[in-house]
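Before any questions on binding or motion, here is one chain by itself as structure tokens, the form predicted alone.
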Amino acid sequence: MQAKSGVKKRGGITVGQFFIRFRTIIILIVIMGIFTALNDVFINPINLLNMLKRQSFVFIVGFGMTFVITLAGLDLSVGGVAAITGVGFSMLVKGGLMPIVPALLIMLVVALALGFFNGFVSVKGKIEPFLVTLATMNIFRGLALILSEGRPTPIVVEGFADFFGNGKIGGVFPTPVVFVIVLFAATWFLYKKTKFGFYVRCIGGNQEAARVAGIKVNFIKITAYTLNAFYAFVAGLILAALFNSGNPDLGKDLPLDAISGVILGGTAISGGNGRIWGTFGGCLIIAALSSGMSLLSLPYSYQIVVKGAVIILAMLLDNYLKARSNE
């Protein structure tokens, strides 16, 4: 039996639909297979754990970005929020000026305020989120540069680097990987099992219908951007711990890597259809690309070219398969 497109069915779905449904896993397997063939160190469990550790902040921001993109929005400022978090924290604890807990709470409030600002200006000002966060990306990064005078500020607080960056649970699992697992579980529950997640999906699918149904569209949107800033805050702490300093230049690639992971995971850029599991898989693709190319000693300039090419090819394949399955 054949579908209208002439593509044979397997288990009740067409081959095209099969690739659409499992495209993230297929792309990941292909990429991991290629890098393993080129260097078998890639598949070593120790390297895989280090890969997750080094890219943990991308996963975490990707989880928050899923809410924003499901709303048909975008947030380019997360790298700036992460930079301000690291720089601000390092300055608050420098020389014993402030204990670690109050410093963390202050930076959490600052990060949430920055996320709220993004959402509020976009919603109340009726400006496209892309344009708002493009501007705040530069504003936040500029503030981090001003505060730090363009120089990294060492963090010498006992236990900070181990807890957020270089420690291990049971002597095996890096603490950033544990953060990824915990936040993944919390995000999946929030997205799939709560009214907030349901409202996000409804608004992304049809904003006017959601408004007619009584959903507070503006409130949900502002909350989503504020929540996204929380994920950027955690990512900023991990980045600061991994490098043991507050550096205004850290996280420059974070927005694009996180957005790429979300899109590769199957969340529709047009909104309404998000996948937390897909985001996890998409971020794994980004992590595998970064780790594999580093193992091959590929220069950074080439790495970003390859990343961009893979993402474009994945999107072209996705559009082609969707068109074939709908014929």
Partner chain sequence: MSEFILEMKNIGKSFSGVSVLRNINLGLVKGEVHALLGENGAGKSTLIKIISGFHPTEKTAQIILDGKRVAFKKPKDALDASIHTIYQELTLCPDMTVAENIVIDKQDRFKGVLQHKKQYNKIARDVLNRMEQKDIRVNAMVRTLSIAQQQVVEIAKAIASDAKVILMDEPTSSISQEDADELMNIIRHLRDQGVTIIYISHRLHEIDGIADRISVLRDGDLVGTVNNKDVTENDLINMMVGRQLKDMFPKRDIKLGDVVLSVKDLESEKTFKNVSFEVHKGEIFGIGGLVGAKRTEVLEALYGLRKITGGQIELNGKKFVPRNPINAMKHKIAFVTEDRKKSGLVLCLSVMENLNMINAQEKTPLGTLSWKKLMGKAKKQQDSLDIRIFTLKQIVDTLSGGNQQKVALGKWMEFKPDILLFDEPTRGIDIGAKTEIYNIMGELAAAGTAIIMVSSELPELISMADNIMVMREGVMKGVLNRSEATQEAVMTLAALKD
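In this text the structure is predicted, and so the values were computed from the model without any measurement. Numbering follows the first chain given and starts at 1.
Although not depicted, the form predicted together with its partner chain is the subject of the following passage.
*Asks:* Out of 104-112, 81-89, 170-178, 187-195, where are the residues with a heavy atom within 4.5 Å of its partner chain in the predicted complex?
*Replies:* That would be 187-195.
*Asks:* Counting only non-hydrogen atoms and a 4.5 angstroms cut-off, does Y199 reach its partner chain in the predicted complex?
*Replies:* Yes - in the predicted complex, heavy atoms of Y199 and its partner chain come within 4.5 Å of each other.
*Asks:* Wondering, does L74 line up within 4.5 Å of its partner chain in the predicted complex on heavy atoms?
*Replies:* No, L74 stays farther than 4.5 Å from its partner chain in the predicted complex.
*Asks:* Can you work out whether N39 and its partner chain are in contact in the predicted complex, taking contact to mean some heavy atom pair no more than 4.5 Å apart?
*Replies:* Because no heavy atom of N39 falls inside 4.5 Å of its partner chain in the predicted complex, the answer is no.
*Asks:* So in the predicted complex, does any heavy atom of G214 sit within 4.5 Å of its partner chain?
*Replies:* Contact check for G214: yes, within 4.5 Å of its partner chain in the predicted complex.
*Asks:* Decide if the three candidate residues F22, A309 and N319 all line its partner chain in the predicted complex, where lining means a heavy atom within 4.5 Å.
*Replies:* Looking in the predicted complex, the three residues F22, A309 and N319 all stay beyond 4.5 Å of its partner chain (heavy atoms).
*Asks:* Just give me the single entry in A209, V182, I127, L97 that has a non-hydrogen atom within 4.5 angstroms of its partner chain in the predicted complex.
*Replies:* It is A209 that has a heavy atom within 4.5 Å of the partner.
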